[in-house]
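Taking the form predicted alone, here's one chain by itself in structure tokens.
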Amino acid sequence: MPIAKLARLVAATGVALWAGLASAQPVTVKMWMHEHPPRIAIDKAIIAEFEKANPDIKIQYDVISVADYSTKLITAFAAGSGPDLFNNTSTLVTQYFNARILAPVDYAAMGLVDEGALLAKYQGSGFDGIRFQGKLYGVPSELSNWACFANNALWQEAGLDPKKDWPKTWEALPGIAEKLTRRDANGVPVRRGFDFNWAIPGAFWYVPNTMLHQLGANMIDEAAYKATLDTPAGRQVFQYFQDWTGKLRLGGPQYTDSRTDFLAGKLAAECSFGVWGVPQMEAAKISWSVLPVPKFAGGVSDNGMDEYAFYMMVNARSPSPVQKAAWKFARFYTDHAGELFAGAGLFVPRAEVTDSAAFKANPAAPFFVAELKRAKFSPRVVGYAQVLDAILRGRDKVVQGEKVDAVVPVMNEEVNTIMNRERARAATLVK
């Protein structure tokens, strides 16, 4: 055989052999998750079970602190080295979508017929936060909302019954809160009847927007991608915050955060706990009642507190076999919703959760499920953190006494500037 022909045969055989060996190698899916200590052991058990059933797929699991997680994600994506599978909150998903990081859900890889089969698993809830241009780009691993809780003992001390006297409207809340408030000789509250959660920045994304939703408005018009804070509804909401802290002197950011004081028996009512707060209340030996968020008189929407979600998402830049393996694991992972709720408090409206002993043991759980049916997602923007900072600066100016009519237009303009700048910056992540 001529040397040249023999060389070609060896080369061809070698390539075929190498291709066969390469195809036999397991696919590795790099997965990043934010740190939630009760969930980590469950994650590892799910991964071990999945890898045993799927020896051709390996999950490389990395846990990153909550404080660093979102920054590390976007930095890694910008460098082209991000994870193949990751989770994060609905408030941040627009940034990933605009940067073309998100792959649409691969139903076939998940072993599902179509979108309807996926929605049916979640009783139809939780997907509005991850739908863009009619397509889904993730699967919920956690769905959450807040409600109001009353400390029964403090209400009884004031001669009130939260189940009968809890105000249905924001306009009626100050009168009830005053009856529950205890003041010193200078009129300063030493025990508040109710207050907003000024200490958690994200509270002033969900709470104002919940109030605006009730008025048929929104902080951001997602379709037009413009801030809509400079409206009669926006002024009404921020005037409410100013009156609460100034004219009525019922609370404000100078006090201990509302969750801490509620658990310490120093606050009679609070509206930023989810269903996960019940074990904390029971540990603090607080007799509680769970109640719906008040609404504005004359409001046009009967929505509860805005909802938010965490989604399992897949990197569109990962190789196709890796994406398919990632979606397969995302299905496997979220099918363990019962364990994730029982062991880590992560709720999704799936039958294996709502039928579980852990769900039935939580007396507030049915209330939260009912509230979710009336809830809406807060707006999604690129540059969420910067936009929120602008809203908080405006809020603080209002609380400090600056006129609402002067603050709101400036805040609205600043938010628009940030959104446009950050959307353009997100586009630079496309490689």
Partner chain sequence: MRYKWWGLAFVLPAVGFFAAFNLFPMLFGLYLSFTDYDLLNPPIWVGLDNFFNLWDDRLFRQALGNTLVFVAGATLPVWVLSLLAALVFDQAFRARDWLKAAFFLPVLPPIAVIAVLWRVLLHPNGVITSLTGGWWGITEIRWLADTALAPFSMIAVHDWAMIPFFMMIWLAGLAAIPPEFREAAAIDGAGPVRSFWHVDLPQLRSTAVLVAALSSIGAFQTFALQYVLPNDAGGPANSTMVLALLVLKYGFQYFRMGDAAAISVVMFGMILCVTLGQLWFNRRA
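Residue numbers count along the first chain shown, from 1. For clarity, every value in this text was computed on a predicted model and none was experimentally measured.
Quick note: we don't show the form predicted in complex with its partner chain, though the next part is all about it.
Of the candidates Glu49, Asp62, Asp396, Asp405, Asp396 is the one whose heavy atoms come within 4.5 Å of its partner chain in the predicted complex; the others do not. Contact with its partner chain in the predicted complex, judged by any heavy atom within 4.5 Å, is made by just one of Asn151, Gln95, Asn145, Thr210: Gln95. Using a 4.5 Å cut-off to its partner chain in the predicted complex, each of Thr71, Gln386 and Asp389 places a heavy atom inside that distance. You can rule out all but one of 324 to 332, 108 to 116, 179 to 187, 345 to 353: in the predicted complex, only 179 to 187 has residues with a heavy atom within 4.5 Å of its partner chain.
At the 4.5 Å threshold, heavy atoms of Thr245 reach its partner chain in the predicted complex. Put simply, Gln254 is close to its partner chain in the predicted complex: some heavy atom of it is within 4.5 Å. Contact between Ala78 and its partner chain in the predicted complex is found at the 4.5 Å heavy atom cutoff. By the criterion of a heavy atom within 4.5 Å, Ala227 is excluded from the residues contacting its partner chain in the predicted complex.
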